[in-house]
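What follows is one chain in structure tokens, specifically the form predicted on its own.
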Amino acid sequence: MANIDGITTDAPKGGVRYGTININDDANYEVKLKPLYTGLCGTDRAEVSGSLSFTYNPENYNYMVLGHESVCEVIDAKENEFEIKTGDYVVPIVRRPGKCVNCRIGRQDNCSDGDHDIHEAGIRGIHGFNREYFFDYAKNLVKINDKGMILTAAMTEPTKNVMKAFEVFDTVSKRTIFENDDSTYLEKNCVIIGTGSEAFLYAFMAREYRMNVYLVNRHDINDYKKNILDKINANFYDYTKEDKIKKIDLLIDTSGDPGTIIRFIGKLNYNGVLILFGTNGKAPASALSGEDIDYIIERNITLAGSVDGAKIHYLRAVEYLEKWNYSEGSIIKNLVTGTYKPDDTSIFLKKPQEEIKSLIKWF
């Protein structure tokens, strides 16, 4: 039993505190890790508020260490087949395999075992990364080869969600000829609902497809955020004030708000695709009308949910983050709008008004 400092919650009841905790160390683990940065997102805040219905504590603990986004330094490592060594920088995978067929082939992101057989660090049944150090197996780590990538690599976990979602898009869009007759996505319209960090990461990736990209929200955003979008040739509009786009080819939701999603379904083009990523179990119900259903059917519109990602998506995330990290102006770094000390737990209770991505610095 080790005494270390960490950030915990009484999941699923919620709450947050920073202090000394007692964690059983497993001598069989191969790698000892020290977090450098850990990220915050809506999932963390939902846990702290007690509104995340599917979270649960690790077995035999009445609390859970928070944190599922992290970049770490390896401070000790046994010999392992993945060549993870002391001094390496790595990103730990969040969801761990269960027993279903998808888990057995390394696709735990598509786990079919059921809610209480899904284990995710800092979310469901496994302690997270917001602590001075922790132990893990080398197979659960993705190596960061470039020390200049440490800050950007802290966004690997949310970026892997984007890689998974675009894999889903690539798959379901093949039910028709989605591309233009010149084989490109030029002038295809992608609308992303929301203006948080995931929405910005989706915008970066949609621009890789050379689509026209629009972030939308029901309130304006500040000039700092607009400047980032300008530099990647993406757009923003407050949909309560203006209607900039009539036809949408790819609609991505990061809000989890049913009313907003339904608002935009009627703008989806023939053979359009809707990717549902955002979750919000407490959002008001908003039923599809018969007219909405007819619209979806008659236009061959595809609705697809996307959650989490496999190790391959982490690797793809690192590849794109490296590209964006060294592109002109390194705009991706501008998504980090604040770094905080581990004991500043107020960041879990109230989202800064202009936040895109907040990180906790552990060194």
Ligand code: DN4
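In this text, all values refer to a predicted model and were calculated from it rather than measured experimentally. One-based numbering along the sequence shown.
There is also a form predicted together with this ligand; it is not shown, and the following applies to it.
Visitor: Is Ser255 close enough to touch this ligand in the model of the complex, meaning at least one heavy atom pair within 4.5 Å?
Guide: Because a heavy atom of Ser255 falls inside 4.5 Å of this ligand in the model of the complex, the answer is yes.
Visitor: Check Val216 for me: does it contact this ligand in the model of the complex (non-hydrogen atoms, 4.5 angstroms)?
Guide: Within the cut-off, so yes.
Visitor: Is there any non-hydrogen atom of Ala154 lying within 4.5 Å of this ligand in the model of the complex?
Guide: Taking the distances in the model of the complex, the answer for Ala154 is no, it never comes within 4.5 Å of this ligand.
Visitor: Is it the case that Glu198, even though its partner is missing from this view, gets within 4.5 Å of this ligand in the model of the complex, heavy atoms only?
Guide: Yes, contact at 4.5 Å.
Visitor: Asn140, Thr260, Asn189, Ser173: which sits within 4.5 Å of this ligand in the model of the complex by any heavy atom?
Guide: None of the other options qualify; the answer is Thr260.
Visitor: Pick from Tyr209, Tyr239, Phe135, Phe82: which residue has any heavy atom within 4.5 angstroms of this ligand in the model of the complex?
Guide: Selected residue: Tyr239.
Visitor: Among 328-336, 57-65, 302-310, 30-38, mark the stretch whose residues have heavy atoms within 4.5 Å of this ligand in the model of the complex.
Guide: In short, 302-310.
Visitor: Using a 4.5 Å heavy atom cutoff, which residues in 338-363 contact this ligand in the model of the complex? It's fine if the answer is none.
Guide: Stretch hits: a single one, Lys351.
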